[in-house]
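So this first bit is one chain, no partners, the form predicted alone, shown in structure tokens.
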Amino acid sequence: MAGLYIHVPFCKSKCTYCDFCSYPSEIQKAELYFACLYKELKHRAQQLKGKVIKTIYFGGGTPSFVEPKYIYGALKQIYTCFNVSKEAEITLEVNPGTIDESKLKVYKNAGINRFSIGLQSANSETLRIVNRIHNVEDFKNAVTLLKGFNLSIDVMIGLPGETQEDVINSLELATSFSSVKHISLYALKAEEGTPMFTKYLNGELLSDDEVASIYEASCKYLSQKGFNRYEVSNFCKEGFHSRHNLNYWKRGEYLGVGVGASSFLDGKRFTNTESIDEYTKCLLSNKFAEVFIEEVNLEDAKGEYAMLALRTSFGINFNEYKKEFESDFLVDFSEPIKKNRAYLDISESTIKIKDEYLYVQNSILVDFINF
């Protein structure tokens, strides 16, 4: 299995918490950017020769903000250059304020079968404060428009002024639609360099303990609604896991195309520049726009495998680990297992973090990364 990620860096406006590779004032560069992206897809195809693409994910930025012809063109190029499974999961990220019937018609013709919709909050005033361009009615209209597709909804915890009741209300709205099969529940992280970081420095955001309490209540609510947690921030109805993200957590191979996109292929990690101008200049000169490349050695690979798998409710299967590395997980990680034994569930075939400690898994995972 191989995944393919396409980065669309354009958006209508930047949210106050966003530190992603996105540019609200660069839309005039879209035509040149996508021409170069199609070129990168063609040149990268050789790297996935003989492999089947089973997931395709358009992220951003806001992919639904650009003219739909660019998304259609990207998928046309992908089908021309790559071996794509007939059952491929093809996801497009959507801001509720940027989708309409004409765009959806193009998306359907292009083969998109899954949409990830950024609700974030069911409080329109909160959305305004964090500079989201949509309101609650826009969200309802978007979900109604996309009825019949496989839908995933993003909700955030810890937005300014929000309470536990506000977050539960957001989850209640998201889960009230039958087409919604997946929920991504993220805790706000105030990244340095964003307007939200100033609020963090001024002590205007919720404490870690307050966020953890809301998260626990949210997990309970989602469970009651039939959404099972399968990764620390991801919940789904039975059989509706994000196959694209599961590939990441299983340390599968993936190719990232576009500015800021990262890849993991043949034991190497590489990442493209975040500059649109540098990216297009490189591709027009028939060069890749990589700014970072590293070989992943065996010890690092084992640490990555443990860190990624332990984020999930499935944990690590000892037989799968042995097949991957030809060694015994319990032997390789005996010290971090011993140190964190109270937080782990260990059976004859698997090891995983206990449910009640999954939210604070970073303090546990650090020992497995640095084993």
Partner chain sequence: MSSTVKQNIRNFCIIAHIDHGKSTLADRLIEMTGQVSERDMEEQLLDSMDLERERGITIKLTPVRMLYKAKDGNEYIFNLIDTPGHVDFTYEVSRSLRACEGAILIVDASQGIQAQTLANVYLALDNNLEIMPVINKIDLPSADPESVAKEIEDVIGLDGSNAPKISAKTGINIEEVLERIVTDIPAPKGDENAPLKALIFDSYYDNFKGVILFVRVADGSVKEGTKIKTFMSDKVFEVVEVGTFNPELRTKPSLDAGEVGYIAASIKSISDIEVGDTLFDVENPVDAPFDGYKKAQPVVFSGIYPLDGSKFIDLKEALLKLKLNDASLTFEPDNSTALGFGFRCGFLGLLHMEIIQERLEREFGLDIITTAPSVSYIVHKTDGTVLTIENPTKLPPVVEIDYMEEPVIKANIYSPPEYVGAIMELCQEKRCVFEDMVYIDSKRVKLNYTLPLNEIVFDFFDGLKSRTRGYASFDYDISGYKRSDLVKLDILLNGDMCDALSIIVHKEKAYARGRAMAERLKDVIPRQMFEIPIQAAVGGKIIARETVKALRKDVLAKCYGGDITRKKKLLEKQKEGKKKMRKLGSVEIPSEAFMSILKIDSDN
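Positions refer to the first chain, counted from 1. Every value quoted in this text rests on a predicted model; they were computed, and no experiment measured them.
Form predicted in complex with the partner chain: not shown, discussed below.
- Using a 4.5 angstroms threshold between heavy atoms, residue 209 counts as touching the partner chain in the predicted bound form.
- Although the partner is absent here, residue 16 sits far enough away that none of its heavy atoms falls within 4.5 Å of the partner chain in the predicted bound form.
- Although the partner is absent here, residue 339 lies within 4.5 Å of the partner chain in the predicted bound form, judged by heavy atoms.
- Shown alone here, residue 233 lies within 4.5 Å of the partner chain in the predicted bound form, counting heavy atoms only.
- For the three residues 292, 307 and 360, a heavy atom within 4.5 Å of the partner chain turns up in the predicted bound form in every case.
- Proximity to the partner chain in the predicted bound form, taken as a non-hydrogen atom within 4.5 angstroms, holds for one residue of 269, 243, 225, 199, which is 269.
- Of the listed positions (79, 72, 149, 186), a single one reaches within 4.5 angstroms of the partner chain by any non-hydrogen atom in the predicted bound form, namely 186.
- The stretch among 171 to 179, 213 to 221, 130 to 138, 99 to 107 whose residues place heavy atoms within 4.5 Å of the partner chain in the predicted bound form is 213 to 221.
- Along 233 to 250, residues 233, 248, 249 each place a heavy atom within 4.5 Å of the partner chain in the predicted bound form.
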